[in-house]
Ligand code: C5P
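One chain is shown next in structure tokens, namely the form predicted alone.
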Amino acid sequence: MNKVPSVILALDVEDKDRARSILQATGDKLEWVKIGLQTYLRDGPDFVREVADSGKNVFLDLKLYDIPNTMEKALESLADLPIGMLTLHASAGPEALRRCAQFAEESMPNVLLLAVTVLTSMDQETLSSIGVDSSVDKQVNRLASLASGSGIGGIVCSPLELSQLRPLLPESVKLVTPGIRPSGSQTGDQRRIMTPAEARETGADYLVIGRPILAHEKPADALDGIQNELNQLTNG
């Protein structure tokens, strides 16, 4: 039986007051919070520190993508922040990935770098429209293997790619999956999705969940429902 993955709340909301309200409403059962580009650009590093000071682990989802030197310097500028995960694009290429991995190992040893493969909002038609002739599956495999081989410790991927990536990558590589939607919830702009239970069964280490919790009248109840669904697989 696969271990129970950790739930990461994607905390991209309209303002800090709303974010604080959500964090208070979800309580101690929530261990991880994802702060994305929207929130980081608006509220800055001080909000990252505030969330960390509240006892949460912070996943900073900036999806860094630039020339190798700029990406390494970006990591240097983030090195003092209390974060546990940070994303970059595998499409940046092997040199950028290697340099970022080496810098993180030396200066950010407690931070798990995560490589983004193909965004979960993209399907085959969208991928083709930007000139990528490979199938979604092949492109995900290519980028995940490149990132892992360059020293990146985790992969962000659609849950539908879990079954192909787990045997392809070293066991130590963590798999982080957005596109998680509990049964009955709306899909939004995510096209390649799974339920929490399905993602666990397929080998996810972390589940990134936003709208099903954020849009719920009682966010704590939504979180409880997701965690109960995951834990029932152990108890059932």
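Note that the structure is a prediction, hence the values are computed from the model and not measured. Just count from 1 along the sequence shown to find any residue number.
The following text describes the form predicted together with the named molecule, which does not appear among the structures shown.
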Item checked: Partner proximity in the model of the complex: Pro219 to the named molecule, non-hydrogen atom cutoff 4.5 Å -> no
Next item on the list: Using the partner position in the model of the complex, report whether Lys174 sits within 4.5 Å of the named molecule, counting heavy atoms only.
Entry: no
Notebook entry, point to check: Is Asp224 close enough to the named molecule in the model of the complex to count, meaning some heavy atom within 4.5 Å?
Noted result: no
Notebook entry, point to check: Though only this chain appears here, would Ser148 touch the named molecule in the model of the complex if you measure heavy atom gaps against 4.5 Å?
Noted result: no
Margin query: To verify the annotation, which of these, Val51, Ile209, Leu169, Leu30, has a non-hydrogen atom within 4.5 Å of the named molecule in the model of the complex?
Written below: Ile209
Check: When the named molecule is placed as it is in the model of the complex, which of 42-50, 66-74, 174-182, 195-203 ends up with heavy atoms within 4.5 Å of it?
Finding: 174-182
Margin query: Where, within 5-25, is there a heavy atom within 4.5 Å of the named molecule in the model of the complex? Residue list please.
Written below: Ala10, Asp12
